[in-house]
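Okay, so here's just one chain, in structure tokens, the form predicted on its own.
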Amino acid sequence: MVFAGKTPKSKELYDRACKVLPAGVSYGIRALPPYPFFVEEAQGIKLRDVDGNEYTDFWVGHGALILGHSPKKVMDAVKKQLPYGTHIGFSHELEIELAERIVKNVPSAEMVRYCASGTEANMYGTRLARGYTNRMKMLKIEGGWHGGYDSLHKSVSYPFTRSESAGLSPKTTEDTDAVPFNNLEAARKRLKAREYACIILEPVMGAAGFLTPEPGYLQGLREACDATDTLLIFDEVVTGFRLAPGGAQELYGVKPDLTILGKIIGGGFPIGAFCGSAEIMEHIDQRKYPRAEDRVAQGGTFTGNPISMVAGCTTLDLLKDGRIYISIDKLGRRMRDGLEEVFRRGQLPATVTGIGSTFAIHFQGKIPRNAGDTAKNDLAATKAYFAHMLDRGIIYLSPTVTHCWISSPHTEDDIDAYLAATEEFIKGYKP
């Protein structure tokens, strides 16, 4: 591995970081082996580290940067706002403007509430579901990632019966059950057996490798929820404004009761949001529900901060004519088709999943249907592939799960370089 030889300054920073940051990072998945490189500048889809090395970024801010790093029009809008306040703490027009854009595009959205992250949005969105239905139990999908909220931090990693973290009180997860993705019958049985406030799922499973729903699956969940008075919640933190302006619910034609948003709607700045029908969302309204025990509490210091609002408005405006989606989806198809051809010619079993501008690689011979299937991936090959791509200046996260996003600054040349590096790996890898 040539990485260590060309990153001495990053190694120095990592040694410093380990003295003040657990594992030397601010988020565990960023603790890249043998140590993380430290970014000095990010422009478009290029990262430059403190040692002057350049990387082509297929992670693009955890998928939040559909326009790439530091897009000029977003940066200009933010600079224009800066003299007028970065955090106000009172109401302002920009929070209305972003909400109007969300309501216009997302089929399930009539009203919106903001928070500072996708984790918070999932926390408040599921609290709203419980408050609205007056039921406490929730159903989720095995392998579904909904941030760090305790009640949803269950059945995330295989085997799905283990605890996901030290410090999780069993009382916070005892009312949460899980079923496999793409198993409609399992969900139906659960919904009939117990009264649930909601079933929450990513309509396309992100952390599992952009696993797509089988025909009829989402529609079947909608019907099962209607039959049992259960709210259907789509966590579209990943897919919202990524697969289409209306997210996966627009693409697949299934309307949930509540939608969780984040990433892209912040334009590169921290944000989370949850939205749904006025009937459900108004259970947050202290004017209509003045008693605390009848009302769903929600709030936060940085909710609706003007920087995230103006960056989000600018980003959604740049997406609305559809040209960016046409471009990145075309590159996504070319990448997936190209990878499948590389793997077909090679001797190492590997499959490709994804949709639109997303793609993921699974080092196994069968396309996974759910997160349980991804446990069959060849972990040694996955880690070796990550190291190989890193040495060639191509970066994504994580070393154990190969899933990537394409954003508007990516080009045909970037796809060609990725495919060439992958073919080189397939030809040279020795298990």
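Residue positions are given as counts along the sequence shown, with the first one as 1. The structure displayed is predicted, hence computed values, not measured ones.
What follows is about the form predicted in complex with a small molecule, which we do not show.
Problem - 4.5 angstroms heavy atom contact with the small molecule in the predicted complex for W145 - result: So W145 counts as contacting the small molecule.
Problem - Touches the small molecule in the predicted complex: K154 (any heavy atom, 4.5 Å) - result: No, K154 sits far enough from the small molecule in the predicted complex that none of its heavy atoms falls within 4.5 Å.
Exercise for the section: Using the partner position in the predicted complex, report whether G267 sits within 4.5 Å of the small molecule, counting heavy atoms only. Expected result: Contact check for G267: no, nothing within 4.5 Å of the small molecule in the predicted complex.
Exercise for the section: Evaluate G118 for contact with the small molecule in the predicted complex, applying a 4.5 angstroms cut-off between non-hydrogen atoms, and reply yes or no. Expected result: Contact check for G118: yes, within 4.5 Å of the small molecule in the predicted complex.
Handout entry: Candidate stretches 68-76, 163-171, 329-337, 234-242, one within 4.5 Å of the small molecule in the predicted complex by heavy atom
Key = The contacting stretch is 234-242.
Handout entry: Contacting member of K263, R113, R101, K140, with respect to the small molecule in the predicted complex [4.5 Å, heavy atom]
Key = Of the candidates K263, R113, R101, K140, K263 is the one lying within 4.5 Å of the small molecule in the predicted complex.
Practice task
Sort through S108, N122, T230, T314 and report the residue having a heavy atom within 4.5 Å of the small molecule in the predicted complex.
Solution key: Comparing distances to the small molecule in the predicted complex, the residue within 4.5 Å is N122.
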